[in-house]
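One chain comes next, on its own, written as structure tokens: the form predicted on its own.
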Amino acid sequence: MTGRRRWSLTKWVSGTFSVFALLALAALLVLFIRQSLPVWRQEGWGFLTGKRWFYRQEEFGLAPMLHGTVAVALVALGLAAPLGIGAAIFTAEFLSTRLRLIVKVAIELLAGIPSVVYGLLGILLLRDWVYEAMERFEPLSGDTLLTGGILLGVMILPTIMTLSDDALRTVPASQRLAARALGLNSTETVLHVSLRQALPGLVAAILLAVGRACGEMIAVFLVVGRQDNQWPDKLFSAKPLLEAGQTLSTKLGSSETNIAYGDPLHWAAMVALGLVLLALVTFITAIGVRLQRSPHET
């Protein structure tokens, strides 16, 4: 009877906090939508597709910032996904349990470093390195989308590695043993059994890392250059990566947020930026969580 009461109390408390979190999110959405209405009325869908942001002329288009966000996230993903999944395969498939925990803890320590420290390291080391490495392409400085993407790749590496390791560990050992009994070597077992079974979890790890990448502000803010209206002449060209840019989160973290507070239309545009960023991160994260849970539900 006591156990049932304790369980009921636990259930009630956790349920209460869950409902509170949902209500807080709903209130946040209502607040953002309400305060951003002026800019949606003026710009319409042009707010999402517009390439010019000049608040003194009351022109608001966030397409360059969307491009910067996607570019930085793709660079980070291109760097962190192979390294993170490779490290996860090594720890989950080839190391003993004790060594696996040591390696995993060491990598997870990277996640505990504050974002501002990563940003300072980016200013001190990475910015100059990128400028020197790409000097033949004549970048104006080391503050580029590429610099922000590389720095962000280091930051999301622990997320991808940890979640990928967890996904690989959910593959039953019996399936690996059965594959070896059929004549597959260790590499073939990883490729044809472990990776195939863990694929939804690996995709979830990547999506959850992308969700974090899209919302990261401080570190990227310090090295990305924060240049507005940087819409590329060729959308799929690599050249814009060597130019300064702006992301949704760095724009929100700039001093323009304070400047906008006294102007209803400008403030509505900044709130709309937050709404778009919230929707983007929530959408990507929700898909990642769904994929992460699907193997356990089937």
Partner chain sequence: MRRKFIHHFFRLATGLCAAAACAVLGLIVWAIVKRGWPAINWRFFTEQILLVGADGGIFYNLLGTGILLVTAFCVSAPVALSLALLHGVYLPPKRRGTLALLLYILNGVPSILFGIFGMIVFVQFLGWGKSWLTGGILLGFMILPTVTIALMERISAIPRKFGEAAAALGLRESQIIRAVILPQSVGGLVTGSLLGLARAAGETAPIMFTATIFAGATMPSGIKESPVLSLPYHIFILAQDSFDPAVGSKLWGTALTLLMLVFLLSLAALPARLKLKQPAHHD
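Each form is matched to the other, and the largest set of C-alpha atoms that superpose within 1.5 Å is called the rigid core. Residue numbers count along the first chain shown, from 1. Just so you know, these numbers come straight off a predicted model, no measurement behind them.
What comes next is about the form predicted together with the partner chain, which is not displayed.
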- prompt: Do G78 and the partner chain come within 4.5 Å of each other in the predicted complex, heavy atoms counted?
  reply: no
query: Even though the partner chain is not shown here, does A238 get within 4.5 Å of it in the predicted complex, heavy atoms only?
result: no
task: Find out whether any non-hydrogen atom of P232 is located within 4.5 angstroms of the partner chain in the predicted complex, and reply yes or no.
output: no
query: Is there a heavy atom of I123 lying 4.5 Å or less from a heavy atom of the partner chain in the predicted complex?
result: yes
- request: Counting non-hydrogen atoms within 4.5 angstroms of the partner chain in the predicted complex, say which of V193, L202, I107, A71 makes the cut.
  value: I107
query: Non-hydrogen atoms within 4.5 angstroms of the partner chain in the predicted complex: do T49, F60 and L207 all have one?
result: no
statement: Contacts from 186-225 to the partner chain in the predicted complex (any heavy atom within 4.5 Å), listed N to C, are S186, T187, E188, V190, L191, R212, G215, M217, I218, F221, L222
- prompt: Would the C-alpha of A286 be classed as shifted by 2 Å or more between the shown form and the other one after rigid-core alignment?
  reply: no
